[in-house]
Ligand SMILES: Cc1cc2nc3c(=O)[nH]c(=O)nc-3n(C[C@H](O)[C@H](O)[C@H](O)COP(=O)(O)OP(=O)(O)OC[C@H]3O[C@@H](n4cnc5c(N)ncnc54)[C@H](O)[C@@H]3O)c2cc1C
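Coming up is one lone chain in C-alpha cells, specifically the form predicted alone.
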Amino acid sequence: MALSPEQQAEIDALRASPSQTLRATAPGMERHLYSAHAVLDHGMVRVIDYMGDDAAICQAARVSYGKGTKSVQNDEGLIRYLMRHWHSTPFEMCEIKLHVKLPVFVARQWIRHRTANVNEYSARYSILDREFYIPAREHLAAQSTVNNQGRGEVLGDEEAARVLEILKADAGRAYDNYEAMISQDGQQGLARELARMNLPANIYTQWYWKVDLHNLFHFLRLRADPHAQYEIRVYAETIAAVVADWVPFAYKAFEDYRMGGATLSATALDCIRRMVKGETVTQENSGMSKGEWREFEGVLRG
C-alpha cells in the first residue's frame, strides 16, 4: 500500500494533534483513528471519524422508559436481545466514516450497498494514479463449475503466469494511452472525463464512505462471508476487525446471530422437528428442492 505524501502528512498531523471532547468515545476505536490498514496490493482502509459506542445503542433502546437499571451485564444482554429480535433503529445511532482506497471493480460491487453516504475521487477533475490491482498467484482461479459467480480450482503455473502477464501489460498500455490522450504537449489534450473511459477496471479509486452500524452489519454479513469475492472480502474483514474494537458487545452479538447463525424456512424447521422425533428425512420427502436441500445439509453439517 502506498499513501501519497499529502495523505501521509495529513495522517501524521491529525495523530499528532489529539483533541479533547465531551462526547462519548470508544477506546478501541480511538486507536484506529487516522491509521491506514493495508488491503490488497495498493489499497487501504482508515477511520476518519465515528459516533457512538455500545452504550449509545443501549441509550437509544431505553429511551422509551428512561435509564432504568444499567450495568455492563445489562448492556450486553440488551444488545444481544436487540440483535436476536432483529431490532434495527438502536444500531443506527452509531456511525462510522471511512477513507477507502480500492480497485474500481471492487467499488462497483461495494456501491450496490445503497445505504451509505459516498464521495468518490473524481477522474473528471483529477488524474488517476498509475496503480492497478494485480492478483497474487494463489488468487488466480478458473470459473467454478457449481457457482456461476464464483471461482473454482487455482490455475496451473503456466496459465497463471500467462494471465498475470496479460493483466500487467494491458493495464500499463491502457494507462500509457490515458496519459497520451490527456497530455497537452503539442496538442489540445482530451478531456479527463473522456480519457478515463479507456482505463481498466483494476485501477484504484478512493472514496469517503459513511454508514450507520445497522447497515454496516448488513454489508459485513454479505461481504465478510467466505462465499464473497476475495477482493471485497478482505476489505470487509479489515473493517470487521475495526468494528470489533469499536462496539465489542454489538459485534459479538452480530457474530453470534448473523455471521454464525442461520435463517431457516418453515419447511426446514419442520424437517428438523421430524428428525428430532426420529423420522428419516430425505430430500425426496422434505418438500425442498435439490438446491434448498443442499443448503439445508450445509447448515446441519456446519
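Just count from 1 along the sequence shown to find any residue number. For clarity, every value in this text was computed on a predicted model and none was experimentally measured.
Although it is not shown, the form predicted in complex with the ligand is what the next lines describe.
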property: In the predicted bound form, segment of 184-192, 222-230, 171-179, 156-164 with a heavy atom within 4.5 Å of the ligand; result: 222-230
property: The ligand contact in the predicted bound form: H113, any heavy atom under 4.5 Å; result: yes
property: Touches the ligand in the predicted bound form: H218 (any heavy atom, 4.5 Å); result: yes
property: Distance check, T145 to the ligand in the predicted bound form, heavy atom within 4.5 Å; result: no
property: Partner proximity in the predicted bound form: N198 to the ligand, non-hydrogen atom cutoff 4.5 Å; result: no
property: Heavy atom within 4.5 Å of the ligand in the predicted bound form - the one residue of Q149, T89, N74, N117 that qualifies; result: Q149
